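Just the one chain here, laid out as structure tokens, in the form predicted alone.
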Amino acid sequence: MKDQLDALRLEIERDVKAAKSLEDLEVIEVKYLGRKGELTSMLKGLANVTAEERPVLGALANQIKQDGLDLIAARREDLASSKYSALAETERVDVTEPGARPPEGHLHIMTHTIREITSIFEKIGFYRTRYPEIDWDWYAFEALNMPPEHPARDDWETFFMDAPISKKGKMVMTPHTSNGQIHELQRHNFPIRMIDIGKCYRRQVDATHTPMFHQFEGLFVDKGVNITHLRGILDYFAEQFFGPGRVSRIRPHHFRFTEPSFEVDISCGICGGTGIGADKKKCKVCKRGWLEIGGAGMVHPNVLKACGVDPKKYTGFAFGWGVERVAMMKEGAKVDDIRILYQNDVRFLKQF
């Protein structure tokens, strides 16, 4: 039996050295050293040996099993190391190779427009400000020369806040950025060349209106400011923002906070100023070839007085335009419905 055990030891050593994979080692371990392996079968013959030989052969069998397990463990470590070394060569990553970039977002078209407007006016000495989007009635209406019965102060036109009434009236979600004029005039820091860009809120929604929109409010107040300065600013902006080939115009109008007052139009970029859309029907954006983009005029003396400014010493002009509307009218934009700007349609947003 001792010869059989020695022969088994040699077989185990031979097969372990010849193993080519971790799977081969599993087979060898089960074959020779498993519960039903050859060593277990051989030990059943101990019952047929003398009492003196039995402990010697038992110890030899245990030593063979332990040596076999040690050989298998060492070989398993060698094979695993070789396997991972091979993987490092066959599946290595070239970190210098350009990868596939994940999708990236970009600034919204309105953010681009606001930045462009700011840059255009900064070039002629205007500075950017931003005043509250929730303000008191006094700033939004009263100081702007609007009487209590003015339609804009109706609940169906303006969003009023459910808040206590103060000495300056009700709290409102500002329907225009003109409240910024009052805040800026109260500083009495002349000359004033302000651009106030912020959100406004009105109870309107259609192809050219949304309940929330942006305005940029311009205010220029100094000694000797007159209407020719206003006209020059309007022409400058039209040329800088809309580009050559687009035409602006002013029409007499009535605003409570300017006198004289004008509405400012730009030739429609959707229909090319013809008033006729691609479907040969009336352009649904402008209807007549022109799109109103805002109002303008000389600051009313009552507004200056409300802010403690002497209208005999200082004059100025103001203008307020919708940012969304000027974006719609930009050359090449071809946006025929203002609501799509805020519908979060990625197919649309990716175009800008």
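For every residue, the number given is its place in the sequence shown, counted from 1. The structure displayed is predicted, hence computed values, not measured ones.
This protein has a second form, the form predicted together with 3,4-dihydroxyphenylalanine (DAH), left out of what is shown; the following refers to that one.
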For this session: Would you check, heavy atoms only and a 4.5 Å threshold, whether residue 314 touches 3,4-dihydroxyphenylalanine (DAH) in the model of the complex?
Result: no
Exercise. Can you check whether residue 323 is within 4.5 Å of 3,4-dihydroxyphenylalanine (DAH) in the model of the complex, heavy atom basis?
Worked result: no
Exercise. Is residue 68 a contact residue for 3,4-dihydroxyphenylalanine (DAH) in the model of the complex, using a 4.5 Å heavy atom cut-off?
Worked result: no
Exercise. In the model of the complex, does residue 176 have a heavy atom within 4.5 Å of 3,4-dihydroxyphenylalanine (DAH)?
Worked result: yes
Exercise. Since the chain is shown here on its own, which stretch among 107 to 115, 253 to 261, 270 to 278, 240 to 248 would lie within 4.5 Å of 3,4-dihydroxyphenylalanine (DAH) in the model of the complex, judged by heavy atoms?
Worked result: 253 to 261
Exercise. In the model of the complex, does each residue in the set 133, 201 and 211 place a non-hydrogen atom within 4.5 angstroms of 3,4-dihydroxyphenylalanine (DAH)?
Worked result: no
Seminar exercise, completed: Among 184, 137, 217, 265, just one has a heavy atom within 4.5 Å of 3,4-dihydroxyphenylalanine (DAH) in the model of the complex, namely 217
For this session: Counting only non-hydrogen atoms and a 4.5 Å cut-off, give the residues of 125 to 141 close to 3,4-dihydroxyphenylalanine (DAH) in the model of the complex.
Result: none
